[in-house]
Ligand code: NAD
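Given next, in structure tokens, is a single chain: the form predicted on its own.
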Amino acid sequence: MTYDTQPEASHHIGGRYVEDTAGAAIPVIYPATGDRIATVHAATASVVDQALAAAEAAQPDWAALSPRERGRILTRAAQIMRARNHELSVLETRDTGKPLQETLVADATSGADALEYFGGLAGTLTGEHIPLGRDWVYTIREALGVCVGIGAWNYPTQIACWKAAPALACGNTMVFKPSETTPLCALKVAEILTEAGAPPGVFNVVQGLGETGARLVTDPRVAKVSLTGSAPTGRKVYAAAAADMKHVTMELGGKSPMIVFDDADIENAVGGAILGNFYSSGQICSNGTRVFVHGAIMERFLDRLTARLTTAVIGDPLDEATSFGPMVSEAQMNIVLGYIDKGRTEGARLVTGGRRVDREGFYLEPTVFADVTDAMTIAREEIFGPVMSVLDFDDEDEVIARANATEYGLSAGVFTRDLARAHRVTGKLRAGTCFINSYNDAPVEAPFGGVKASGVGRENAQAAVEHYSQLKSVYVRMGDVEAPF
């Protein structure tokens, strides 16, 4: 089977497609050509209300199912997703522009991993017994209620599943709003969950921009908001949710450091830097875009990096030979070109790249700046594109201080053969997700999230259960009640 890029309708609510063309038209642009491949409509107020009403109505019965019944549905959805990985990957490539070589292994597959993991975990979500002499306390893990998920455009299938899987495993229902830039894939997640047996209203998808997100976040029926997006957007959503004491998970941006010591394996360090800067054309929140390289190996590092970047295959993202695709949109491409201009203007040395590729679509060359200082704009602000800043250092304590001198704290990486140093340095880096002699691994078994301006809460692993459920404590007195009067 193949998936049409034009969906049956814009929204998926209560187990079926729903359309309301009164909502503003949102064009879906294929980044490799700039052509419009579909159109969806933003959710009107009535569509948002319909989705929240469906989720609210479905939640009590969904939570009343045994955890294993919920788990079986999630596991079945994972199996369907894996069986349709190629079709889902082609759709994701058309939605995002990411090479099929990448989407085949890092998008729907990751979403299926999340559905399978939390499907298996569902039956373990129990409380505890706390003995207090003759008396005792027991705890009950309860669902929060209706959850809202707001996705980013870089991993639309994965993000929808990363939010839906723990939410649904814990007995919640969800209304998910994908990014208006990549609206297609979440609809297929809703289709697959429905096919797997999720009752109507358990997982709903509505399209829209900021106005739609604001309606969802501020609605009193919503108990929890989970956002993947930029730090400025996160601050607004966090504040709006806090006004009603809603639970939140904020997975936001970063300006993450990658530290390469003089004893590092150069090939592995260059490989990590490529994964941490140019995978998905640099459009990954956890990317290690500040690459601190020890002065003793700087030129060797840059030489190998430059040589390996010449082997990148820039081309049609639907060709599995292509390893580097376009930016997601013309607007994002222009933002990144602006940062490249700032890098030149502020005195960084352009090692390679720096230009738009001469072909249709929104392609930029993989770009590397050296001689970057901590004060430069490209070393301080999240670019979200294929631009690497290389900074030199000589001292361990110095590089730790510089690495931590940012408002962000999502990820960090260390490359060294000295594992004692690797653990020592990692222990001092202020980041929620760290890597030793690797970069950007994100298995569902490991918690993922940041500190400082990079967000609050964790996605994936058992840690996510804490963010999609709440504990009720029940004190049981076995004897008489003593009162002062």
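For every residue, the number given is its place in the sequence shown, counted from 1. The structure displayed is predicted, hence computed values, not measured ones.
FYI, the form predicted in complex with ligand NAD isn't displayed, but the following is about it.
At the 4.5 Å threshold, heavy atoms of residue 396 stay clear of ligand NAD in the predicted complex, well away from it. In the predicted complex, ligand NAD sits within 4.5 Å of a heavy atom belonging to residue 382. Mapping the unseen interface onto this chain, residue 152 counts among the residues with a heavy atom inside 4.5 Å of ligand NAD in the predicted complex.
At a distance threshold of 4.5 angstroms between non-hydrogen atoms, residue 115 is out of contact with ligand NAD in the predicted complex. None of 236, 342, 247, 76 but one reaches within 4.5 angstroms of ligand NAD in the predicted complex through a heavy atom, and that residue is 236. Checking 295, 210, 200, 347 for any heavy atom within 4.5 Å of ligand NAD in the predicted complex turns up a single hit: 210. Here the chain stands alone, but in the predicted complex its contact with ligand NAD, taken as any heavy atom within 4.5 Å, falls in 214 to 222 among 89 to 97, 107 to 115, 214 to 222, 134 to 142. Of the residues in 235 to 257, those that come within 4.5 Å of ligand NAD in the predicted complex through at least one heavy atom are, in sequence order, 236, 237, 251, 252, 253, 254.
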